[in-house]
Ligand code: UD1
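This document opens with one chain alone, in structure tokens, the form predicted on its own.
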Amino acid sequence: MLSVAILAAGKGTRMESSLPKVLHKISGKSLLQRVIDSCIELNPEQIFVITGHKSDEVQESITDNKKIKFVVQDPQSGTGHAIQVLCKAVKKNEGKLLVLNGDVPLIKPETLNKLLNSHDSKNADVSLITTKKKNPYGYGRVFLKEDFIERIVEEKDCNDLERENPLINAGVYCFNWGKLSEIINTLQSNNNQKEIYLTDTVSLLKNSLSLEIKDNGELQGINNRIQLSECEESIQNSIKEKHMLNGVTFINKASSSISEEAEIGKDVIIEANTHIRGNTKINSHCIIGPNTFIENSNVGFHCEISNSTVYDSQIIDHIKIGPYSHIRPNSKISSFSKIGNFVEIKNSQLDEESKVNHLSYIGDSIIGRSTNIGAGTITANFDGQKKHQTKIGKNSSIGANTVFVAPINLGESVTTGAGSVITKDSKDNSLAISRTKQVNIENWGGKKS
């Protein structure tokens, strides 16, 4: 039986933030969620998240896994105290207990599995991951006697000689939970920090083993914004390298960001300062960017999107968007259509070969095939209480600066006069025009100074 405990009670004062440290995000996911995701792949019986500082906020951030249980540590008196609280809260301390910190977001399930297997094969009381660092400052030093761990000394408790030891504790433990529960309450806060250290269990258990792995970045803890940025960069490099090996070109890799969930087809060019977030899929032979943001959207084949934003929408094949356009949620732009500069589309469907080239707002609308929307067209969809729909049939030609006061239903092959305010439905093959008669007043000079 495998149980997991994730330590997430600390304030994270070095983050200089009102947000709990474990809720800071890299590549769209909180530090805590990343640790949980790695643990879920181990298929544990239960996962305990030990909270403390802003406990309610931390608990509310995790809503989608029934295996997760929360234990509150109050006050926060160290990592050993956190496990003391857990052992009291859980009646059956049996099987293996994997303990991790909630601020080590890059830990891989493969590494955790390696620790579990090593622990089982050597029948250890406790096994922990160690690694060597050129600059071990800030980490607890691990001292070995043959294959066993003799002791761990925290940075602030080290003397000058002990600080020279490069072997550090990565803060990932696998315990025989039964053996741990026998000694956990004997831990004392006899140290400079006046905290109860979980590392003190190592000298109290008979069979304490070290699993040394090469430091490849996955053991990096997050204590400040600099380390947060370093982890973000590490994840982004990994994501973009994967896409490049699969046939994607990045014009300026450092200026772009890609979510882990995103799918990108072959021969896609990602221009500078382009960001692809959420569950976005971009099919082959597209040019995305520069200066483009796409989130939770599907982009078809042979599309070009420049200097624009797209949210929660479908962009079918052979479409050009931008520059400076905004495609808002629940929009569908069908094949061979064009959305030009300074256009906003919201909750609307544009059928094939439609064009909205300039300075227009299309909201809550259905635009028929091969319809051209003139510059400055507005769908006035909101009456102050409700949103209303505009329908325009295929092969229509909408004059510049037309305003549709929804709800409006235009038939097929309808033309509107430039500058019209359309308030009534129009039938097929009609001209809809609404203008006041132009009046020219001669000799209009106004007041003269």
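Don't overthink the numbering: it's just position in the shown sequence, from 1. Predicted model only: the values in this text are computed from it and were never measured.
Beyond the structure shown, there is the form predicted in complex with the ligand, which is absent from this document and is the topic of what follows.
Answer yes if any heavy atom of Trp177 is within 4.5 Å of a heavy atom of the ligand in the model of the complex; otherwise answer no.
Judged by the heavy-atom cut-off of 4.5 Å, Trp177 is well away from the ligand in the model of the complex.
Heavy atoms within 4.5 Å of the ligand in the model of the complex: does Val4 have any?
Val4 lies outside the contact set for the ligand.
At 4.5 Å between heavy atoms, is Glu295 in contact with the ligand in the model of the complex?
Output for Glu295 is no: heavy atoms all beyond 4.5 Å of the ligand.
With the partner left out here, check for me: in the model of the complex, does some heavy atom of Gly265 sit within 4.5 Å of the ligand?
Heavy-atom contact with the ligand at 4.5 Å: absent for Gly265.
283 to 291, 75 to 83, 108 to 116, 253 to 261: which one contacts the ligand in the model of the complex at 4.5 Å, heavy atom to heavy atom?
Looking at the partner contacts, the answer comes out as 75 to 83.
Under a 4.5 angstroms heavy atom criterion, identify the one residue in Ser229, Asn279, Ser189, Asn223 near the ligand in the model of the complex.
When the ligand is considered in the model of the complex, the option within 4.5 Å is Asn223.
To verify the annotation, which of these, Asn93, Asn372, Thr309, Thr199, has a non-hydrogen atom within 4.5 Å of the ligand in the model of the complex?
Residue within 4.5 Å of the partner: Thr199.
If you look in the model of the complex, which residues in 169 to 192 sit within 4.5 Å of the ligand (heavy atoms)?
Heavy-atom contacts to the ligand in the model of the complex: Asn169, Ala170, Gly171, Tyr173.
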